[in-house]
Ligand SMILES: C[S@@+](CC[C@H](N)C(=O)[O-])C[C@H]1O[C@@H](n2cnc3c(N)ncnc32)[C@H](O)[C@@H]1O
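What follows is one chain in structure tokens, specifically the form predicted alone.
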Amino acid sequence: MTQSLLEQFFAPCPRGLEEVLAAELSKIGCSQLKAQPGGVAFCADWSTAKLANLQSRVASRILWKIAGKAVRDEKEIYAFALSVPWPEHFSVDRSIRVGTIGIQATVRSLEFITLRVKDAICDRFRSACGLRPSVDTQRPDIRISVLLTDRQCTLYLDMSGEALFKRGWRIAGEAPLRENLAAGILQLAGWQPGIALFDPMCGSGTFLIEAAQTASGVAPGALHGFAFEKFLARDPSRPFLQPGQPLPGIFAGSDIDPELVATARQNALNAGLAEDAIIFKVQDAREVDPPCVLAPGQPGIILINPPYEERIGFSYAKDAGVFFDAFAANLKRKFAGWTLYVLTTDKSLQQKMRLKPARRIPLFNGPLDCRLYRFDLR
């Protein structure tokens, strides 16, 4: 098969962003897109699939379909996995990890299927070269994904390696909001370069950094290493992209926690942004003003993911009602004409803010069932 021929891929994404991802992949050059719960199936040639890894802001990974077959039981799954010429795809000195996802699968144990597919891969290598790859469940060189339904087994090689939302700029620590979810929310909110963006509860700066990178023409995968660079069966070279033409933008954020603001500033620098690309300040969200660089009356988008943990002078369980009432009152007074978007698990937030949402969009932040609320400030 030549690399110019179309092959099949699957891109997982946060639930609720499937249509956003499909539109993004279409712009990159992918075709035959089919959004389905949890991701998008698509076709592309190899060069375009590599570009999707580098350019997609919404995909969690890009999975390359290696083979698929109707199977009835564990023995047939093992035989099917054994039939795949794994040594043609990667060398025996690469560490591996196998993961299985079941959708209405009738097998007794997905963990057992994972074990049998791993055994088949190792047995195929042992037969071909007398050696077997090692297993690394934490940081493997090669990830193999198994999708099992009630009648079909599909095997994928993960082109991405580390998840694509791990952009490489974040200071160590678990983020409350993954970067690809933030990127998808920006698209759902209708933000584009030239529209002012303000986050008065910016935390580590995820929304603002994703938007400023987009406006600066920085590819989301610029700092990311990819598993496809270790593949044998296809061109492993990394695509080269000229940085896009920077577009004008106003990005501002604040938080009451000075340590978080310092972290956000450092994250922005790590992401390749100029020191003045985002205006950060320490401020109580109930007292914020429109960014001073805006012309009077120029509207923009306010985008927040409110913190739920204990913060400086704030407990969500005890203080949320009074806090969000005061926060919304300040916005109505000072930000007339702006649009507010809030990502939250709190289904009663609109009552706390005394605002009527113009739109509610179901989303998932990992396992958390969330809503993205839109409020038109008047």
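Keep in mind that what you see is a predicted model, and the values were worked out from it rather than measured. The numbering used is simple: start at 1 and walk along the sequence shown.
There is also a form predicted in complex with the named molecule; it is not shown, and the following applies to it.
- Between the options 219, 273, 285, 120, the residue in contact with the named molecule in the predicted complex by a heavy atom within 4.5 angstroms is 285.
- 202 is the sole member of 215, 185, 153, 202 with a non-hydrogen atom lying within 4.5 angstroms of the named molecule in the predicted complex.
- Residues placing heavy atoms within 4.5 Å of the named molecule in the predicted complex fall in a single listed stretch, namely 255 to 263, out of 241 to 249, 255 to 263, 67 to 75, 190 to 198.
- Although the partner is absent here, residue 99 sits far enough away that none of its heavy atoms falls within 4.5 Å of the named molecule in the predicted complex.
- Within this chain, residue 46 is remote from the site of the named molecule in the predicted complex, having no heavy atom within 4.5 Å.
- When contacts are judged by a 4.5 Å heavy atom cut-off, residue 177 counts as touching the named molecule in the predicted complex.
- Using a 4.5 angstroms threshold between heavy atoms, residue 291 stays clear of the named molecule in the predicted complex.
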